[in-house]
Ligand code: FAD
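In the form predicted alone, a lone chain appears below as structure tokens.
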């Protein structure tokens, strides 16, 4: 009997899952993809609205108008589906959205997507199929469409591909209620013009914090970039000064930093990342601990050991996203097909515990345990070797590392460079 798979989300990870399920028609029925918006693309689908939509749901996308990718298309692409070659290496978000629409069309995924459909709950149930002796775990998925009509269906497996860039993480700052200006998270930032001439304290200096600070300085905002990372050494524009992290907001509304300095500001903008949030899951029932920026245990960052037919695709951070999803999905399908046998629940839990413990002992903070960064290559190769699909070409790593180097040296200009892949081993600079 063909296995039935539910896919939650039609962003890049969900489309990748659907594409690989459809390519295995001998083992799997066509997937059912649940998508709460009316488009594919997930976070890449730009929406100028912020806050809540007309239907009461929060705006999902965190895309801002002028965002360009910080990875070149040669590294970003699904390995078997290149971007159009005439495009420059660093793309505006609209081109990534178009790419995902093309991927969807090319693989015939659209007919299997239920748009404007909210997944209300996903829960494990014990079932016995006719002719089988032993009970097995299936999944009851309850969803509701735009007219409010509710439906419950049973699946053999669920791929959770709902992303983790939509629920803003706002750290606790003592006295924040005293702040007299505007407080927002980068999730609700769309463009810089409304902040022209204002003083803005930006909290966090990772990709979006730095990017948004540069945009704000371009329109004449005075930016204080507050962070706890090592001081940025490359030259920043005149409109940006760095400071230590925010400690508190004083009674008079002024912001106090870790080093004791204080400042007044019109805007306090959090560029502090996002929380994991799966309102349709009961974490305790699944043996999972889901916190703001961490969830565990997930064997191979993918499978809850207690329920090995549930898969979380794209949970890791600081990765080449599309190639990573591509590896995770193929590994997960190999598990479902039976060509990969997972260890016992106890062994999986022990392996996860040991890996996380080693990271903590290396000094990795708890909230950063899902950052892969340099570990991503061995991670993807391990999945590929175990499940018997092609390894990522080594040129991906080599170019990724080159771009990372360029970003440290030329944070404002690295996106002007263009690259071309010559082979699985070599790339070249073409301008």
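Numbering follows the first chain given and starts at 1. Every value quoted in this text rests on a predicted model; they were computed, and no experiment measured them.
One more form of this protein, predicted together with flavin-adenine dinucleotide (FAD), exists but is not displayed; see below.
*Asks:* Which of 155, 301, 322, 276 has a heavy atom within 4.5 Å of flavin-adenine dinucleotide (FAD) in the predicted complex?
*Replies:* In short, 322.
*Asks:* Of the residues 118, 221, 268, 210, which one places a heavy atom within 4.5 Å of flavin-adenine dinucleotide (FAD) in the predicted complex?
*Replies:* Exactly one listed residue reaches within 4.5 Å, namely 118.
*Asks:* Can you check whether residue 394 is within 4.5 Å of flavin-adenine dinucleotide (FAD) in the predicted complex, heavy atom basis?
*Replies:* Judged by the heavy-atom cut-off of 4.5 Å, residue 394 is well away from flavin-adenine dinucleotide (FAD) in the predicted complex.
*Asks:* How about residue 28 - does it come within 4.5 Å of flavin-adenine dinucleotide (FAD) in the predicted complex, if we only consider non-hydrogen atoms?
*Replies:* Close contact is absent here: in the predicted complex, residue 28 is far from flavin-adenine dinucleotide (FAD), nothing within 4.5 Å, heavy atoms only.
*Asks:* According to a 4.5 angstroms non-hydrogen atom cut-off, is residue 76 in contact with flavin-adenine dinucleotide (FAD) in the predicted complex?
*Replies:* Heavy-atom contact with flavin-adenine dinucleotide (FAD) at 4.5 Å: present for residue 76.
*Asks:* Taking flavin-adenine dinucleotide (FAD) as it sits in the predicted complex, is residue 163 near enough to touch it, meaning that at least one heavy atom pair lies within 4.5 angstroms?
*Replies:* So residue 163 counts as contacting flavin-adenine dinucleotide (FAD).
*Asks:* With flavin-adenine dinucleotide (FAD) left out here, work out from 28 to 36, 360 to 368, 382 to 390, 47 to 55 which stretch has heavy atoms within 4.5 Å of it in the predicted complex.
*Replies:* Among the listed stretches, the partner-contacting one is 28 to 36.
*Asks:* Using a 4.5 Å heavy atom cut-off, are 13, 43 and 62 all in contact with flavin-adenine dinucleotide (FAD) in the predicted complex?
*Replies:* Judged in the predicted complex, 13, 43 and 62 all sit within 4.5 Å of flavin-adenine dinucleotide (FAD).
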